[in-house]
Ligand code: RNT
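Coming up is one lone chain in structure tokens, specifically the form predicted alone.
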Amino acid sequence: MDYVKESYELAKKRYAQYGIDTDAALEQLKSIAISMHCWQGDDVIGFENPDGELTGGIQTTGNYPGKATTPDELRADIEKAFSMIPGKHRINLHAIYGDFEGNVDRDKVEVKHFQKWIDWAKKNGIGLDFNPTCFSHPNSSDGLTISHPNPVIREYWIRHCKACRKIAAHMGKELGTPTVTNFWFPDGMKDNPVNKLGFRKLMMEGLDEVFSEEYPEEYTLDAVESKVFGIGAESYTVGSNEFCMGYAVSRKKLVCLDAGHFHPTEVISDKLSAVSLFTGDILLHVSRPVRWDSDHVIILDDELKNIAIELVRGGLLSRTHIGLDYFDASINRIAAWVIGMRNMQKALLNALLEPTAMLQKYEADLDYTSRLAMTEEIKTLPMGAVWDYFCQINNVPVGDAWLAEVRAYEKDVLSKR
């Protein structure tokens, strides 16, 4: 495709007028590994109990054919998606996605149940991230897990989380890259509680017990994730933003900011600069909330661009672990992965091609006229030509050519499941 290279050379000259080295931007973009969430491939069902139903504030809508029903099918689908996404990335696993033989309860999960994932990741040269699965289980049916007043149930979830940390540490050690282990709990109440403090105290004590064993940071990093509300937990969420922020700062854990876990008028792009002043690394779960935490496939909208811009302007890329988190069963699931991953990369490229130093100088000089004028002018620079070239040099489909590959895979593989 000669036109791709030709268009890139013209774009390169245009960006050079603003002091932007597009070759350097592409090298930096190639080095950013995004953690792609495995649960888009099967609608958050997992392989513990394929006939199970989702609970705990989780909801998937749609019945598009061809979802993965075995770990091998899921791994094959992920490989197909990765073949259309430039760069090397990571996979984010939930604890229900092990290669289980028979029924394995969650407090009994072991490294052996994820060894095939580790071997597969090693073969493909990618890293793994991990999550305890504290929903869709009889012991979460009351809407409470690690903050449950019944010590038997509470201890069950503590054992599960401890087991997951052990697995994650082994993953990181085997793969030579830290596994980010994220802890999110659906704990909350449909109506107004009387003892808000009591449940949060139980969660705090439970987390302290979960993290009581130390693992090297080069093996695993722990993160805690808040949420404003969930289905069946509309009035009260134990692990609120304030709780998780306080816990992470006081215990030196990562804060996970999920784009759908705040009030509708809040955006995580506006939180990054503040959070970064008081925490170490940051974990992102990039999603697209539509009116609520609805986990739509991310599009290249203003908030996605602003998230990437804040990471670049603030020099936060080296401290931020970017993961995606959405699940749409109404469209081809592999397409959902490809659309989301490529859009996250486009947002990052857009930010890397911004003349940040120039804009920050205008601001430091209190030249707000030039700041506004230039932030508007750069919006129409030829980023698309740079993106197409990035795809070409990384041997993945340019433009919408990837969609034909998805359709062929759907016809040859997915339709036969």
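Don't overthink the numbering: it's just position in the shown sequence, from 1. These numbers come from a predicted model, not from an experiment.
Absent from the display: the form predicted in complex with the ligand. The rest refers to it.
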{"query": "Non-hydrogen atom contact residue 184 with the ligand in the model of the complex at 4.5 angstroms", "finding": "yes"}
{"query": "The ligand contact at residue 26 in the model of the complex, heavy atom, 4.5 Å", "finding": "no"}
{"query": "The ligand contact in the model of the complex: residue 135, any heavy atom under 4.5 Å", "finding": "yes"}
{"query": "Contact test in the model of the complex: residue 39 vs the ligand, heavy atoms, 4.5 Å", "finding": "yes"}
{"query": "Listed range touching the ligand, judged in the model of the complex by heavy atoms within 4.5 Å, from 330-338, 69-77, 254-262, 117-125", "finding": "254-262"}
{"query": "Interface residue in the model of the complex among 174, 225, 303, 310, criterion: non-hydrogen atom within 4.5 angstroms of the ligand", "finding": "225"}
{"query": "Position in contact with the ligand when the complex is considered in the model of the complex, options 288, 94, 148, 170, heavy atoms within 4.5 Å", "finding": "94"}
